[in-house]
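Below you will find one chain, with nothing else, as structure tokens; this is the form predicted alone, and questions on how it binds or moves follow later.
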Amino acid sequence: MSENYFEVIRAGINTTFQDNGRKNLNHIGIPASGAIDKRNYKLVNKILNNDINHPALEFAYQGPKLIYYGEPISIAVTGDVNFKLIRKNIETEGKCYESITIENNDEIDLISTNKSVYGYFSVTAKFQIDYQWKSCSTNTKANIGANNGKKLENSQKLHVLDIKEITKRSINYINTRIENIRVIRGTNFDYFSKEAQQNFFSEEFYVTKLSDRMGMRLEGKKLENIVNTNIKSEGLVKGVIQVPADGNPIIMLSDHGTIGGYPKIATVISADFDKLAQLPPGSKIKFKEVNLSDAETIFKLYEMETNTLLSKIT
């Protein structure tokens, strides 16, 4: 067969190409982007024995439905995802966290995530896509990255090159939820009243529907600012929690703006970011304060656990 490709029957919700993201570009207004759930992204590629920075499709809530044309190729899906494989009109339930070989005319229907947000799909081949600043990661707000910086669309073709064969590989992995999100104090923590500071760490907040790859908006007890609801614009990092004048926190996610003028009450520690980003609208969050030294230790443990998981894939 002269070419190998996936045809997009249904694009799904916010389906984009992602990798580990870009580095050292915040000073020119380009955020890192990259996969939101780094652990599930790494797992999908390790299962397929791909390079750890291999492009994958990331989708939110509902994934794409694809039909494949070409020589046999292996795929894998990670996250808490319901999906089906369709071969000659016979449907079988797909299983996450294992390699699956598909053939010409097979269909993959990534139906939905289960009480979570993001899932990942990768293949044992190179997607024929463009890179910008050494990354394919798509930022749809800025039209940066693969697929002309846009989400997948119905009827488009995703060409693949250099298909490789692998033996069956899998791992037993269960996605767990998190409600207590650990944070360190932000640079503007003292802008908020003592009552607001206490409420931030004692009250529950809820994830709203106004959340995307750029940020997660929360609702809950209003956080009173006693100094100024706007500040001179400063640099932002992933996980920082800004509080605009309405008193409802906004957590910056992977496609966040690189500067912002809302006071910053706290920053989510890196080790909790994957599970935070997987919380769907309606989920409750409670914040727990840790110091910088503890955050560094927790992140080292998170990385050790991730590397242990990756080493167990056989």
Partner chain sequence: MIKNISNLGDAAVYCDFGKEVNKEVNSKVIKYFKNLKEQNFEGIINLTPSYNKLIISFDLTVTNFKKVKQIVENLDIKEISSTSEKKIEIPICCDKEFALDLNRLENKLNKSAKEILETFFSKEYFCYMTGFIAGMPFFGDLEKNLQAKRLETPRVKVPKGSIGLTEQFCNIYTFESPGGWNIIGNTPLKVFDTSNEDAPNLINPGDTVRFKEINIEEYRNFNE
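Predicted model, so just to flag it, every value in this text is computed and none were measured. Residue numbers count along the first chain shown, from 1.
Keep in mind that the form predicted together with the partner chain is missing from the display, and what follows is about it.
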| item | value |
| --- | --- |
| All of 25, 259 and 296 with a heavy atom within 4.5 Å of the partner chain in the predicted bound form | yes |
| Residue (of 189, 173, 206, 131) lying close to the partner chain in the predicted bound form, criterion heavy atoms within 4.5 Å | 131 |
| Heavy atom within 4.5 Å of the partner chain in the predicted bound form - residue from 39, 65, 264, 46 | 264 |
| Partner proximity in the predicted bound form: residue 50 to the partner chain, non-hydrogen atom cutoff 4.5 Å | no |
| Residue 152, heavy atom within 4.5 angstroms of the partner chain in the predicted bound form | no |
| Partner proximity in the predicted bound form: residue 111 to the partner chain, non-hydrogen atom cutoff 4.5 Å | no |
| The partner chain contact in the predicted bound form: residue 193, any heavy atom under 4.5 Å | no |
| Answer range among 72 to 80, 193 to 201, 115 to 123, 225 to 233 for contact with the partner chain, defined in the predicted bound form as heavy atoms within 4.5 Å | 225 to 233 |
